[in-house]
Every structure is written in structure tokens, then in C-alpha cells.
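In the form predicted on its own, a lone chain appears below as C-alpha cells.
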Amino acid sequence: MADKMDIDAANGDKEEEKVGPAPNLPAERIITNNFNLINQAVDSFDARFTLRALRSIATIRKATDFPEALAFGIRTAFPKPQNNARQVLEEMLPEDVRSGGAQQNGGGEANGAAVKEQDVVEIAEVWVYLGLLVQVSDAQYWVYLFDHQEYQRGADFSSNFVDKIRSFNRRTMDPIGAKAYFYYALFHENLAPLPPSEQSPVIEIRPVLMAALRSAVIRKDDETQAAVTVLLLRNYISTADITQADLLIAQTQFPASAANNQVCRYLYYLGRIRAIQLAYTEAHANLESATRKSPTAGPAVGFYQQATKLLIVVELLMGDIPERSTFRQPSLEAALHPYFKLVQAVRVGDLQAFLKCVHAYEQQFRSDGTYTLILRLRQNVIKTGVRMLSLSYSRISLRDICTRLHISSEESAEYITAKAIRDGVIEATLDHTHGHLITTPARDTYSTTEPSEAFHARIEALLGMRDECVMAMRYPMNKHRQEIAEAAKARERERELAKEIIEGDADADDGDEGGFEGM
């Protein structure tokens, strides 16, 4: 089905990590600064500091000295060369970087005070963060690994890496673990044979992802649960296992507190699954939500383009015509050119133009994963042509319909028009005796419930967006406890003030009585 689904591959991951530290800082400085953020996340049990460290991955991986900076970060966190955690990470680095670091070990160990201070950094979260950077380091050299058929190296490291993460069972490690599973699945997707082959390695990693999903649900790890659910849906769709994907959706619940990028991906895959299952209304709702939530400009525009392409095809399958303004957006104009030609053919009901467009852009449609859905549009094109003829003529013969729509026989034309009448595409009747299609006079739209239904749909969409914004708001942790403590302190101050006032009044009364007696 979807031969090439690269909407959240390496480029897509860079898109979600656009925001990071100041780009004028060197990569090694950014890595060491992220150690402090991770330590703060562990001390305060606040995942926001970890997320800030993860956002800087895109900035770090673009640096020309990324391997050297990563080696510096490993040696800063683990200054002892015999440390097993350091050895595991350094084995994945290039040989020249490892040899350069060996020469620096003597000078690093000479300073005992510095080493003692750096040993504080040796916590599990820092090791997992560095391991994630090692995964990214391999991702940066994908071209080299593809050319030399060494992609198995990154997959093996990722397998051991996620197993180690699961063994830690630390809630402060959840955001980094979710990102590690993403790269774990991405490495295996690029191992031969590629999906949708039944011998693809993506099928072998499903038990690991299912076990990770069960553990995330039990541990209430929303980040990993959302990431693994999206990865499983992507996995099933890549091998056309739509039934299993539907069962996963029915038996799991996507976390409401998931990050926005994971929600967009989940809605996109859900919309694709529903479109394949002919549930176009539900698919349209999910895809429309995905396009609204996704960025419309910047590096993340690739996901927006892919979701919009599928949304256009679903709208055509529903019998609707997308608005022309959709194709005029600067970020979509070039990417949607084949779909613009397709919409033009469907809008006028020209079957020959539709077949010509599908043949001309077949490779593009296949790469987008929409080719099989577009093939379903043939009947919609004919129905559109029938609707155009019914609007133009109050009475038209079946023979003329065959001539204008290039239909082989009058029997086929009669069947097509009868089905269009039954589906509500046109309002007409068939005169079987004389072989004519008689159009019913148009009714006033405002006398029906169609305007109120459209108004209700808009209000429902706006209210849903408002509820999602409220749910997405973040509040400081333990803020209510601070308010309770402050209120208790305020009450205590009021009691002390009232006590002082009472004591002051008592002293004043005693002084007055003494003065009266003295007089």
C-alpha cells in the first residue's frame, strides 16, 4: 500500500526538533549544557527539562564536528576509560574519533579534582541521552552505511539500547526512551528486504514494540505509549496489514496528553486506515484534524503536504471538490500539482482526462501511497459527469450519456445513472420505456437541514479545538501545595496580628486604670 512512507523518517524527525539552543554555541557545549538539564529533570521530576534537551538534537546533528563533540560528551560524563558504559558508547563512534580520544585520556585523568566532580554526571539518564545521540550519529551516516551494506550495525545497537532502557524502569527516562524506540524502528525499516515484503525485518520487531506498549501502559508512560502506538500503526500499514492495525486501534487508547507531533501522526495513520476501509467520513475528519494541527510552514511542511494529498483524495472519494485556495498555498503549490490536474478531471467528469492524468503521474501517486485510492475514483468521475449532465439538461437520452461519458453500452449507462440516483448524487428519474433521464427540478437549499448541519459541523470543530487547547495547557508542578502553604502562612500572620492587637488593647486598659487611681 504505502511503499514509501517517509513523512516521519529522518527529515521528519529533524522537523519536530527545530527549536533548540542558540546555534552559535559549539556542539560539545550544547551537549554538556544538556547534562545539566537532564540533572534538573531528575532532581525536580519534571520532564520539561528533558524535552528541552531533546529539542537540541537537530542543532547538534547539523554540526560538522558532531562525532568529535559526541566523543567529548561521552568522556565528560564518563571520564574513566575502563568504564563499561563509556566503552559501549565509544564502540559505535568512528575509528579516528576513538583513537583521538585515547590520546586525551592521560591528560584528563591527571586532574583528579575535575574527574571527581565529573563523576557526579554518571547517571542513567545521561547515559541514555548519549546513547540516543549515538543512534543519531549513525543516522547521520545513512548514505555511507547504505553504500557499504552496514545498516545492520545500527539496528543491532538500537536493539540492545532499547532493552537496556526497559531494564532501568525510570520515569525520568520516558521522553528519551520514546525517542529511542523511534530510531529503533527506523533502523529496521531500512534493512533488506524492505516493506511490504513478508520477510521484512519490520515484522520481527513487532513483538518488541508490543511488549514496549504493554509496559508503557502499565507504567503510565504516556510518551512511550504514544510513540510506540504510532510506530506500530506505521509498521502495519507498511506491510498492508490493515486488519491488524484496526484491531490495535480498537483495543488501545491513545493518550490524551501525548505531544502534538505524535497526535498528528496518529491522526494521519488513522485517516489512512479508515480510507482503505471505505470509511471516508471518519477518514476525512481525522485527516482534517491532522492538517490543522501540523505546521504549515518551515521544515515540517513535508508532513503537511503528505496529509493534504491524502485529504484531497478522500474528499474526491466523498464526492466533494477541494477548494482552489488549497492549491494556491506557496508551500503546497508545487507538491500538489499532480493532484490539481486530478481534481480538474474529476470536477468536469471527463473520464478520458482522468485516465490520462493517472497514467501520467502514476509514479508520483505510488510514491505518495495514494495510487490504489485514486483508482477508486473512476466511478466518481462517471457520477460527476452524470451530475453535470443532469444539471445541464432536464431530459437526456441514455445514448447521449454513453457518447458524452465514453460508456460502452446503454445498459451500463442505465445502471450507472440508477446507482447515482440511489446514492443521492442526482435528483432525477429514469424513463425505462423511452430510455431517458429526467431531472427533477431543484429545491431550495435553505428549506432543508443542510445549512444547519454545516453550521453545526463548524461549531463542533471550533469547540473541539478549544477543548484541545485547554487540555494542552501546562501548569507548574505542585503549585496548589504552594498556594496552600501561603494561605496557611497568611492565616498564621492574621492570628499573630490579632493577638498583638488584643495584647495592645489590654496594655492600654491597664495603663488607663493606673493613671485614674494615681489621680
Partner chain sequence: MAEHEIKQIISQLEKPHNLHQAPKLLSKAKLGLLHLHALVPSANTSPQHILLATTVLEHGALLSIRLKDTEAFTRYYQQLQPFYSLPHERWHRAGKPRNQSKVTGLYLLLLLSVGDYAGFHTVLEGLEMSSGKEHIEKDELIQYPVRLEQALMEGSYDKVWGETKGERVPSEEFAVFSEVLIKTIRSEIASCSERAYPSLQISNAKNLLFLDSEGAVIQFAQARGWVAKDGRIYFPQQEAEMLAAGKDVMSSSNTVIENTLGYARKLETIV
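Predicted model, so just to flag it, every value in this text is computed and none were measured. Positions refer to the first chain, counted from 1.
One more form of this protein, predicted together with the partner chain, exists but is not displayed; see below.
A.B. asks: Would Ile382 count as touching the partner chain in the predicted bound form under a 4.5 Å heavy atom rule?
C.D. replies: Yes, Ile382 sits close enough to the partner chain in the predicted bound form that at least one of its heavy atoms falls within 4.5 Å.
A.B. asks: Should Leu278 be counted as a contact of the partner chain in the predicted bound form, where contact means heavy atoms within 4.5 Å?
C.D. replies: Output for Leu278 is yes: heavy atoms within 4.5 Å of the partner chain.
A.B. asks: Just to confirm, Ile401 within 4.5 Å of the partner chain in the predicted bound form by heavy atoms?
C.D. replies: No - in the predicted bound form, heavy atoms of Ile401 and the partner chain never come within 4.5 Å of each other.
A.B. asks: In the predicted bound form, is there a heavy atom of the partner chain that lies within 4.5 Å of any heavy atom of Leu231, even though the partner is absent here?
C.D. replies: It does not: once the partner chain is placed as it appears in the predicted bound form, Leu231 has no heavy atom within 4.5 Å of it.
A.B. asks: Heavy atoms within 4.5 Å of the partner chain in the predicted bound form: which stretch among 48 to 56, 451 to 459, 29 to 37, 483 to 491?
C.D. replies: In short, 451 to 459.
A.B. asks: Since exactly one of Glu414, Glu315, Asp222, Glu288 fits, which has a heavy atom within 4.5 Å of the partner chain in the predicted bound form?
C.D. replies: Here the answer is residue option Glu414.
A.B. asks: Can you pick out, from Ala258, Leu213, Ile421, Leu336, the residue that has a heavy atom within 4.5 Å of the partner chain in the predicted bound form?
C.D. replies: It is Ile421 that has a heavy atom within 4.5 Å of the partner.
A.B. asks: Does the partner chain come within 4.5 Å of a heavy atom in each of Ile242, Thr372 and Ser408 in the predicted bound form?
C.D. replies: Yes: each residue has a heavy atom within 4.5 Å of the partner.
A.B. asks: Give, in sequence order, every residue of 316 to 348 that has a heavy atom within 4.5 Å of the partner chain in the predicted bound form, or say none if there are no such residues.
C.D. replies: Nothing in this stretch is in contact.
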